[in-house]
Every structure is written in C-alpha cells, then in structure tokens.
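Presented as structure tokens, the chain that follows is alone, the form predicted alone.
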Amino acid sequence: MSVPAIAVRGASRVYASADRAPVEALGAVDLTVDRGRFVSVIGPSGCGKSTLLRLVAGLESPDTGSIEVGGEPPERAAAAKRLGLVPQRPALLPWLSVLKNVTLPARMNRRADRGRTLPDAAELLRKAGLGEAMHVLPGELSGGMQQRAAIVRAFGLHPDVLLMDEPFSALDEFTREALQEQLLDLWEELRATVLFVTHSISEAIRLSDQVVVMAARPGRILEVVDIDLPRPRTQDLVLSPDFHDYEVVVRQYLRDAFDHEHQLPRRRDGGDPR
C-alpha cells in the first residue's frame, strides 16, 4: 500500500487569547491526499483553510493529532526540499533578478539536492511566459508576472508536495485565468501533489481532482467532492454544462457551511431564509 502524499489525522489547532475565549481554528481534521493529485480547499472566511495549510507546511504544529508529508513530519520534508510553498504574495527579493530569485532555493542546502534532478529554471520561466523577463528585477514586473515567477520558483525545486495559499487572490479575473492555465501546464509536466487554498468556486473546480469544502466553528471538513472532468482543463470547459453542475454542488455545500456557522435554518421549501 503506497504512502499518501499528505496524511492529516485528527489534527486540531486552538489559538489562545489573553482578552477573549480561545479560538478553535481546527477541530480534529482528517484528510488524505494521494500522490500526484491536485486538491483545492475552499470554505467561508475563518474556517481554517490557511491554518490547515500552515500545519501541513510545518509552520505550525497541531495541538492534537498528527500530520505527515510523504510518510514523514512536514519539517523533515521541507528540510529535504520535498515540500514547497507558494504564499499569497510573491515574496521575491527585490535586489535579485527574476532568474536568481527562482534559482535561490536550489542554491541553499545543496546536500538536499543530492541524487535529485531539478528542472531547468530558465526553461521553466520560458514556459511560463517569462523568458524575456528573467534577467530583470521583480519591481519591473506586473503583479501577475511576479506571482508567475513565485510559482516557477516553487516548481523549480521539483517538490513532491506543493502548498499554495490563495496565490491568485490579488489578481484581476483575466490575469487569474491566464495563470490558472500556466499553473496547470506546469503541473501536468512535473506532477507534484498540490494542496491549493482558494475562495473561488470556479477556480477550485477548474484546477482540481478533488475539492475539499470546509466549515467553521470549529474548522472542519464538510465534504470532499471528486471532480471528474477531462484534462487538459481548457477555458472552454468552464462554459460546459458538466462544469456548471459541479459549481452548483460545491456552492450548495458552501451554503450549508455558511448556514451552519450562522445558525440559519433552511425553509421547508428548500429556499434561502435570508
């Protein structure tokens, strides 16, 4: 039996506060992500999506339960460069060129790269449409191009698992759609396991093999929706009836999560009481 890429078993996280009651960000969450899968996490604000991602990244530790990445603790996977993270902001060093920013992680802790074959960073930048910008400073790029460089930087390590925390949230719709396409192209080629946090229903469906719907108070997994749509996921697919059906399903689960959080009863006729 193969070891899953990500295994979250009964993980909870409570944040203490000096002036108010503790906040239960996550309550005994279980989640298994198989190798090579693209899984998105979606849910209302405050449901613990980013907390879950930080726990898997090893940036925080669960109060109860356990988390493994490829069968080992997240901290060890990160130290071995088998775990990558793309934050909401690109976090590029402004005094280094785009290419040097992308290759910086590979130049650190070189012992972790022994026996590994890393993709050519310049070639990845060209495939991401940044071939002519690789020698300029990040400040000369648009926000979308900077985020593209951050994604290439993460893929450049060829990690087994890639964690992405709403990387397109600050971008306009057209830039967002273009970056979704380029992200899928890179993923199809390198096939890292991806855990992707988003607020966008259409983005989650377009990118993912599975969509994990979370609810709040405490943060928990409400449902896991398998997305059985053909790949490659073109923009035309977004307009198809099958895609719309998945949007309806995920939206209903999100409404259930919202109603439970705010304790809104459902009307007998199925309508919205708000």
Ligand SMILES: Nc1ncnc2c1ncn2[C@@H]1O[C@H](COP(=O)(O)OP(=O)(O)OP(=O)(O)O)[C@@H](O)[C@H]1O
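Here, rigid core means the biggest group of C-alpha atoms that superpose within 1.5 Å across both forms. Residue numbers run from 1 along the displayed sequence. Everything quoted here is computed from the prediction, not taken from an experiment.
Keep in mind that the form predicted together with this ligand is missing from the display, and what follows is about it.
Note on the interface: of 203-211, 224-232, 238-246, 42-50, the segment with non-hydrogen atoms within 4.5 angstroms of this ligand in the model of the complex is 42-50. At the 4.5 Å threshold, heavy atoms of Glu166 reach this ligand in the model of the complex. Within this chain, Ala25 lines the site of this ligand in the model of the complex, having a heavy atom no more than 4.5 Å away. Not displayed here, this ligand is approached by Arg54 to within 4.5 Å at the level of heavy atoms in the model of the complex.
This ligand in the model of the complex is not approached by Ser97, whose heavy atoms all lie more than 4.5 angstroms from it. Scanning His199, Arg176, Lys127, Arg76 against this ligand in the model of the complex with a 4.5 Å heavy atom cut-off leaves one residue, His199.
Here the marked residues Thr193, Arg251 and Phe258 all miss this ligand in the model of the complex; none has a heavy atom within 4.5 angstroms. The single residue of 75-97 lying near this ligand in the model of the complex is Gln88, the criterion being any heavy atom within 4.5 Å. Relative to the superposed core, Arg89 undergoes a Cα shift of 2 Å or more between this form and the one not shown.
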